[in-house]
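Next up is one chain by itself, shown in structure tokens, the form predicted on its own.
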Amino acid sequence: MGIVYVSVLFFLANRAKSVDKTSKQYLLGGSNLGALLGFFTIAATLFSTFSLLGMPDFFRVHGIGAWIFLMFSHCVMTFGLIWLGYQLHKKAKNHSWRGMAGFMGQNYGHRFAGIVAFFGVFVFLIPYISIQIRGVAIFLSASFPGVIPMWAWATILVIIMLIYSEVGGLKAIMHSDVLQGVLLLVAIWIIGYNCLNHFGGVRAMFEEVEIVNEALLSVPGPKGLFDFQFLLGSMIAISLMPYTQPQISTRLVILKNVKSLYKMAISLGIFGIIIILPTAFMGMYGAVLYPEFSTSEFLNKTYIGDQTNFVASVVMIGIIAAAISTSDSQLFALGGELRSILKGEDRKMVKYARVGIFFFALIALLFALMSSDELALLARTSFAGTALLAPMILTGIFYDHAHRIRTLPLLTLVALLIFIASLVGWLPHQVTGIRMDLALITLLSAISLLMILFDKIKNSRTQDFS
């Protein structure tokens, strides 16, 4: 099954292969994305290894509040896609869009804004890419103990991603997303149904969980993670992903028209509910049967040991597909962002971007080998980090005179550095009892609104004087 899947991948890559290595064709897939393909490619980018390997363990360890953490936040994001996505799509279509970083450079009138945008997504997307790679690598290593080490599995995955994306470009990645979306849906529901069937229904499942650990059935959960600040910060970070994470914003811009945008957003909201629900069944299953197991042991037992060989094979291919699809989308998006801030002849700059993708993949591989197994928390950190770009990005999109607010990118860079310092322990994780990420995005949002207000007042007075 693995050989068949990889063969189909390279068939799709070869079919999408284009000799025209320009930004529009290679990095933007021709800029003519329909609603159906748009739905699959964005869904595959959003719901990936994080859903299959991160969320079940999050439910198992922290409880039912994981539904609020991800699903409620995802619904808010869906409405944001309809509301803000329209504005982004309309504005970007009127510019020579190459990436969000380049778009910010244009709107603010200086390259520094684009460099800050690129720095933010680079620093916080690399961990997100790495958890896809690490999640699958530890899963395969646990499933085939002693065959090859975990680092070898991770390296093989990265090589496949690089070859595939290099051959076919963004169009090949989007076509593979259709295959990945179907595999993900099938795999996740087979296991989810089997886990629920073990208890004999939803009511029986919750009754057994209550006996094992009642704290799993309410917030903030047994470890106190799901407090109000965590859930609010997560909702803000996740709902802003379409504008702060380039693998999504680029797909919004290259949609054919606004009608395709609306259809895609509604379909995405429905798909999210369908995908996250069975991960709750898996998590509750693990909470009852394997509460003391490590992440890799729990996943291996749930996905492999407790299933028939055929089901286990389908699930393994689904997990690999999810990791490859999401990781190459994000690596490619980083390459597109790099291209957008480079100045020069287009084909030459695309070559630099392709070299950049290779180095981004190498860095993500090294990070994957060194990071922890807390996949969901690493993903949440990635969401929170890129969310700090939102005030600058939204101001650049919606305020026509963003070029007059030249200090906002600098303040955004300072906020990013402060957040990074808090993550590595150089600064506290909270400020006067408020989470650092929540405090920083609140402060940046207030500053950007005040800057817009003062600029309007100043400009109005200048016009009146004239």
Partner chain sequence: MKNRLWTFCRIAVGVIVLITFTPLVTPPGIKEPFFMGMPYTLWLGITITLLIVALTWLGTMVHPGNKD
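Residue numbers count along the first chain shown, from 1. The structure presented is a predicted model; accordingly, all values stated were derived computationally and were not measured.
There is another form of this protein, the form predicted in complex with the partner chain, and it is not shown here; the text below is about that form.
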Each of Ile160, Asp306 and Ile320 having a non-hydrogen atom within 4.5 Å of the partner chain in the predicted complex: is that the case here?
no
With the partner omitted here, the residue among Phe359, Phe144, Phe79, Trp189 that in the predicted complex has a heavy atom within 4.5 Å of the partner chain is Phe79
The one option of Tyr86, Trp151, Phe310, Tyr193 with any heavy atom within 4.5 Å of the partner chain in the predicted complex is Tyr86
- Task: Look up in the predicted complex whether Pro222 has a non-hydrogen atom within 4.5 angstroms of the partner chain, and give yes or no.
- Result: no
* Asked: At the 4.5 Å heavy atom threshold, is Lys343 in contact with the partner chain in the predicted complex?
  -> no
Indicate whether the partner chain has at least one heavy atom within 4.5 Å of a heavy atom of Leu410 in the predicted complex. no
query = Taking 4.5 angstroms as the cut-off for heavy atoms, does Pro127 touch the partner chain in the predicted complex?
reply = no
Here the chain appears without its partner; judged in the predicted complex, the stretch of 101-109, 208-216, 248-256, 329-337 with heavy atoms within 4.5 Å of the partner chain is 208-216
Restricting to 183-209, the residues within 4.5 Å of the partner chain in the predicted complex through any heavy atom are Val202, Arg203, Phe206
